[in-house]
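First, one chain by itself in structure tokens, the form predicted on its own.
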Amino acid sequence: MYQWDFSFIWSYRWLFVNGTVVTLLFTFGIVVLGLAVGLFSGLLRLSRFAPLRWLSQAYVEVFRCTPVLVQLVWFYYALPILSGIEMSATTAGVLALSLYGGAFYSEIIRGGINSIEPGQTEAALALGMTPSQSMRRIVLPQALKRMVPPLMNQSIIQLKNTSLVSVLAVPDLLYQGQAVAHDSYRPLEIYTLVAVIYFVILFPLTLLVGRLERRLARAD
């Protein structure tokens, strides 16, 4: 019979605090960069120039159709050899997860823009707006309302994906948990605590997304 004992965890509390802070900061960075990449790629997918659409589609398919863990390892080990540029584990992790998330953000943004009726763009052009003005003033404000829930859902997934950077020795929550487990020889308590911390962070966010979706549905 296994004897559960969580009392020893208090002596490692600052490792878990630091790991949680690193995870949250890492998430913030990859979400912001991913949204920027996704917006740029999503607009390219709607370009009139076929080469730009093909380039954006190739980027999206490459990152959507390969495992994110493989991407992390490739960016950390293979990219520096091919490019001749040394990068830290944190840099490789941010780059890989930002581009991975950007591929999914791109499709969400493209779908949101395409969901706006073409007649609104035609009306804006008839009033003398340029295509870019029509996009900024008419299409994007309406599309953003429809894109917010799926963008938030993808951001929640990105937070969970940060646990994978532990394989690169980035000192996130899971990596710190692994270090404590190796030191204490109590992996069941440690990984249970790590799971609880992730749940405490993510569950309120999922409730927020659900509430937002219901509010937007009522507004429509």
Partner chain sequence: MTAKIEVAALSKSFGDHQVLRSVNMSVGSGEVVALIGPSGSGKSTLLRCLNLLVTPDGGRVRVGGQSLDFGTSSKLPGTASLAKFRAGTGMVFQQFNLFPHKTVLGNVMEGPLTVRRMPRAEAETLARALLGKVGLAEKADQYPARLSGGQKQRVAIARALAMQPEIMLFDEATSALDPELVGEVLNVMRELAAEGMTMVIVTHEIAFAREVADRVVFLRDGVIVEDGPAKQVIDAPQQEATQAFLSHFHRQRDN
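Residue numbers count along the first chain shown, from 1. Nothing here was measured: the structure is a model prediction, and the numbers come from that model.
Keep in mind that the form predicted together with the partner chain is not shown, yet the notes after this line are about it.
Remark: residue 85 does not count among the residues lining the partner chain in the predicted bound form, judged by a heavy atom distance of 4.5 Å or less. The partner chain is not drawn, but in the predicted bound form it has no heavy atom within 4.5 Å of residue 80. In the predicted bound form, the partner chain stays beyond 4.5 Å of every heavy atom belonging to residue 148. Residue 123 belongs to the set of residues with a heavy atom inside 4.5 Å of the partner chain in the predicted bound form. Contact with the partner chain in the predicted bound form, judged by any heavy atom within 4.5 Å, is made by just one of 95, 89, 113, 138: 138. For the partner-free chain shown, just 48 of 20-58 comes within 4.5 angstroms of the partner chain in the predicted bound form, judged by any non-hydrogen atom.
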